[in-house]
Every structure is written in structure tokens, then in C-alpha cells.
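So this first bit is one chain, no partners, the form predicted on its own, shown in C-alpha cells.
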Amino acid sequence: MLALGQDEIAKYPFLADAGQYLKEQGFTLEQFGTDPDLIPLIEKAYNRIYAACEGDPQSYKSDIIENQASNTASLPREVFSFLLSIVLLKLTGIPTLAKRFALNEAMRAEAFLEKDLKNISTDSNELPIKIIEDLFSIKVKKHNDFFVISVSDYIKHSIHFHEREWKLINRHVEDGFVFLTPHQTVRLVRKELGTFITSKILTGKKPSMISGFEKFVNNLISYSKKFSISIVDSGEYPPCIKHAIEILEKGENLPHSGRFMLATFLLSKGRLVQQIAPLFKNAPDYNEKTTLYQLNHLAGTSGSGTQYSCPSCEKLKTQNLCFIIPECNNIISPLQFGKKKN
């Protein structure tokens, strides 16, 4: 267990023992639903979830100012809002909300980690480095203004990145170590941090409904309908496209390259932007405005007016997006699936 100070518990509440913290502060969950002085903390937790799911973290009024808990009272408010958020999400029982919340919390923690990394000395025992080492088994060392990790660790944790900048050949490597900025160091573990926080929410026993929590749970259940999606009939679609749709239907995060593939494929098949956009509603980082902007850009209805083409099968293989089956029959583009003859 990591030793956390007041500011650290407020910034990284997912590292604390939730049940133990409640006991140490002398509270039970039942008290939050019945004590008029504590109910505002449930409201704060609800707003924290709503802001995360809306993709608008700035609308959540955090008590952390300039990387520090603003005052003595802000620590319990920040930690309780996180713990109560988990309780609400468990009671709601909707994975989509949990995953969107977890991704937002991971990005929030990422911002704190980046700031903390910039401020550390060469001491490898400082908390930001220990968080990365303890949670993700990455040995990190500071080297001047950079942080270095082994090539093997870098390859293991960057495998889900498909952007050119993350390719090992485009990184500064010396003596078997990869040099990273503070931002790149924490960005490397965002997905795993989100998975770690999601597991905090989805694992463990779901509590019985708590008096005073019903209104907030029902509101979240109603709100979650916003993210329901219309299932696309993928009957004759190639396996790469079916896989991408399945990922989105499960509420999991599809990488940028996968979203590009899916969107350009469906656009090439004559689907309209308005028909494609709902597919992405279940993604943990869904933002309606951004999604429509990007789809219109790919369709050529905004910007340069150029419609983008679906990537070739060879390109998809390099991005780990190819799930070839015999029926692919040596096609060179997903658009040829079901058309090419022997």
C-alpha cells in the first residue's frame, strides 16, 4: 500500500482503501443518505459522474486548486465524492457509465501525475514514480528533464498505440532505454489506469439500495439511455469491421485508427454521417460535437472537401486491426469482402 499524504489522497482517491477511509472518518454509507448535512456530498458525486459522462470535466467543481487540496475540508469532500460515485455507479449497474467515468478519472489522474512528475527530484522513491511502478510494473528513472524506461517495458505498454509518434523508431533510445517527457510517460499508462479504476467499480459485490440514494440512481439510469445505440446489422461485413462494432457495443474504447477504419468503411458503403454517429455513443470518451465534426471531415462535407478512403488490409495489419478469416479470400481492402471471386 502506497503511503499517501492529504493532497495525494485527494488527487488519487482510487489508491486509498475506500472502506477503511470511511471508517477512519467515522461515517457509514447509510449516513450519507439520511443526514441532511451529508446529502450534498451525494449530489457532488452525482455531478462528478455526470460531468465525466458528458465529457465536460470542467463542469465538476473540484476542491483541488493548483494541484493541492484547497483546505482541510476539501480532502474529505474530494475523496467522498469519488467513493460515493463508485457506490452510485454500482447501484446503477450500467457498465457504459462506469467506463466513461473511469476514463475521465484516469485522464484527471494523468494530469495530476504529469504535474507531479515535473516537480520531482532524482529520487526514485517519490510518489508519482512509485504509482507508475506499483500499478503498472514499469521501472521509471529520471534523467535530466526526461524519464527513461526500458525498451521492453515501452513496447509492452505502447502496443495499443497506432499513431506514428509512438513507434519505437520515432523515440529517443539510448543503451536500451526509451526517453520520454512527463506527458508521454503518463500518457503511456492512461488506458491501463482507466482499466484499473474501472475494476474498482465493476468488481466486488453490488450493495443493496441505500435509503436516500434512490433519486440519484434513478436519474443516472434515465440519463444512461442517452448512450444506448442502434445495433448495426453487420451480416456481410468483414471481420475487422464486425470486431470494431462489437468493441463499441460493449462500451469499450476503440483506438483512433479503428474508428477511422469503421467510419471510412461505412461512408464508402453509402451510410450517412447521421447513421454512423450513434455507433460511437457507447465509447467511454464519446463527445457528440467532436464525433460529428470528425465524421463530417472524413466524409468530405467539411474542411477540404476530400472524402477519406478506407485503409487497405495491409495497413490494418500493421495497426493490429486485421482479424482475417478464410472468407477474406486474399482481398486487399475491407471493401472487397464478399465480392472477390476465386
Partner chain sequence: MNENDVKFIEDSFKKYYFNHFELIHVPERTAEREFGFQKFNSGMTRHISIKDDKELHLLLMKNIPSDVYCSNAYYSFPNLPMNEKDWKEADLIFDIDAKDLNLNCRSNHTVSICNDCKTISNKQIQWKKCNSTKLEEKSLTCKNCIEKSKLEVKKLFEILIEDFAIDKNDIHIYFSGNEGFHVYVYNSQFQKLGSRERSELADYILFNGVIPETFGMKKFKPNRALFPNFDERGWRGRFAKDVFDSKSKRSKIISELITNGYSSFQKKLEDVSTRIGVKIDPNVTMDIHRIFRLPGSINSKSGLTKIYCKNITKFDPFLEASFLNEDTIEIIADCPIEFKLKNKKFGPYDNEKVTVPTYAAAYMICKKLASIS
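So that the term is clear: the rigid core is the largest set of C-alpha atoms that superpose within 1.5 Å between two forms. Positions refer to the first chain, counted from 1. Predicted model only: the values in this text are computed from it and were never measured.
The same protein has a further form, the form predicted in complex with its partner chain, not shown here; the description that follows concerns it.
Close approach of residue 322 to its partner chain in the model of the complex, 4.5 Å, heavy atom
Within the cut-off, so yes.
Residue-level contact is defined here as any heavy atom of the residue lying within 4.5 Å of its partner chain in the model of the complex; does residue 218 satisfy this criterion?
Residue 218: no, not in contact with its partner chain in the model of the complex.
Looking at the partner-bound form in the model of the complex, is residue 205 within 4.5 Å of its partner chain by any heavy atom?
It does not: once its partner chain is placed as it appears in the model of the complex, residue 205 has no heavy atom within 4.5 Å of it.
Indicate whether residue 152 is a 4.5 Å heavy atom neighbour of its partner chain in the model of the complex.
Close contact exists here: in the model of the complex, residue 152 approaches its partner chain to within 4.5 Å, heavy atoms only.
In the model of the complex, the one of 118, 143, 156, 250 near its partner chain [non-hydrogen atom within 4.5 angstroms]:
Contact residue from the list: 156.
What is the one choice in 183, 167, 226, 269 with a heavy atom within 4.5 Å of its partner chain in the model of the complex?
Of the candidates 183, 167, 226, 269, 167 is the one lying within 4.5 Å of its partner chain in the model of the complex.
Given the stretches 80 to 88, 260 to 268, 174 to 182, 110 to 118, which is the single one in contact with its partner chain in the model of the complex, using a heavy atom cutoff of 4.5 Å?
Going by heavy atoms within 4.5 Å, the stretch is 174 to 182.
Taking the rigid core as reference, does the Cα of residue 320 move 2 Å or more between this form and the one not shown?
Yes; that C-alpha moves by at least 2 Å between this form and the one not shown.
Does residue 329 show a Cα shift reaching 2 Å between this form and the one not shown after rigid-core superposition?
Yes; that C-alpha moves by at least 2 Å between this form and the one not shown.
Please check whether, in the model of the complex, the CA atoms of residue 136 and residue 319 lie closer or farther apart than here, given a change of 3 Å or more.
Compared with the shown chain, residue 136-residue 319 is farther in the model of the complex.
Residue pair residue 187, residue 243 - Cα distance in the model of the complex, closer or farther (3 Å or more)
Relative to the displayed form, residue 187 and residue 243 draw closer in the model of the complex - a change of at least 3 Å between their C-alphas.
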